[in-house]
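Quick setup: one chain, the form predicted on its own, written in structure tokens, and binding and motion questions come after.
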């Protein structure tokens, strides 16, 4: 079987996970306990937080361990439900469901969501964003790297525009970034990003599923209350095994960004160049080889009139695992919502499928996949 769905979840880092599991069997105390087993666990928890802070270049006391980016996104966005006043939130049409769904809850509480459609390249129009920000704007939530197309938003330019508008409007605007697909793919230095929060999921870079990080510049009043763990932002006994694994996997992937980028770019260029020879298009169509506007591990493809779901199912039967969009979406309609807003046709959206690769992907696997994809499309075309 050839795994080409790394954007849904990466192949686990077996060595790191096993080491973390063995450590957790020895250091099994509750970090909130006052005895020596508890304080040992607390020390390990603090060491993991420090290591994550070093990997992201931010103060460790601004980091909170969660169950993943879905929880991190909800913690941030739903904290605004606690406010007595409503306002406007600006997001994009290509946000992940874990951002779109809590925004729907804010709307039920009287908030207005102003959604920006990207250009046909998948990037946000900076001039459109600037015009959209007004005296009612309180929150802006942007996905750093789109999980279906791999397009990188110009985050630094976005932040600059927002902060300049703050001065003109004489008000504070909260900036939240969904950083899930960016970690380990592009350099991310939080100290250089004037943002208020950022979400991370461990399983996207080799850590176990069910653990993540939330960077939060300033503490907020959250909805879920409990025993006060994670300084009250994310109560509940900490998952020390997964947290240790996350901190080590994060360090590992950050240290290998340059070497992985080089390898992945070569493989992605091979995919894009070859599939275009048999009438498969990229989304967006103008994606170039070695295109710095995209992370090098994700590409969205389309081969109308073949339904993307049919193609994915047949390829799975042949031993090649791809997807038709976000693994967190429950149906095809929601899968294609984001890419349809980029100006492609409904037929192209209906036929879309995603190929995502990782550090263990080989050139031989890609060459074999391209040949099987070519044969499969020829079989399925009417």
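The structure displayed is predicted, hence computed values, not measured ones. Numbering follows the first chain given and starts at 1.
The same protein has a further form, the form predicted together with another copy of the chain, not shown here; the description that follows concerns it.
Q: Would you check, heavy atoms only and a 4.5 Å threshold, whether residue 377 touches another copy of the chain in the model of the complex?
A: So residue 377 does not count as contacting another copy of the chain.
Q: Might residue 196 be said to contact another copy of the chain in the model of the complex, defining contact as any heavy atom within 4.5 Å?
A: Answer no; every heavy atom of residue 196 is more than 4.5 Å from another copy of the chain in the model of the complex.
Q: So in the model of the complex, does any heavy atom of residue 82 sit within 4.5 Å of another copy of the chain?
A: Residue 82: contacts another copy of the chain in the model of the complex.
Q: Considering only heavy atoms, tell me if residue 14 and another copy of the chain come within 4.5 Å of each other in the model of the complex.
A: Flag for residue 14 set to yes.
Q: Taking 117, 154 and 347 as the candidate spot, are all three within 4.5 angstroms of another copy of the chain in the model of the complex by heavy atoms?
A: Checking in the model of the complex: none of 117, 154 and 347 is within 4.5 Å of another copy of the chain.
Q: Only one of 228-236, 252-260, 291-299, 133-141 gets a heavy atom within 4.5 Å of another copy of the chain in the model of the complex; which is it?
A: Selected range: 228-236.
Q: Heavy atom within 4.5 Å of another copy of the chain in the model of the complex: which of 222, 306, 158, 271 fits that? Just give me the one.
A: Residue within 4.5 Å of the partner: 222.
Q: Find the only residue in 192, 209, 128, 285 having a heavy atom within 4.5 Å of another copy of the chain in the model of the complex.
A: When another copy of the chain is considered in the model of the complex, the option within 4.5 Å is 209.
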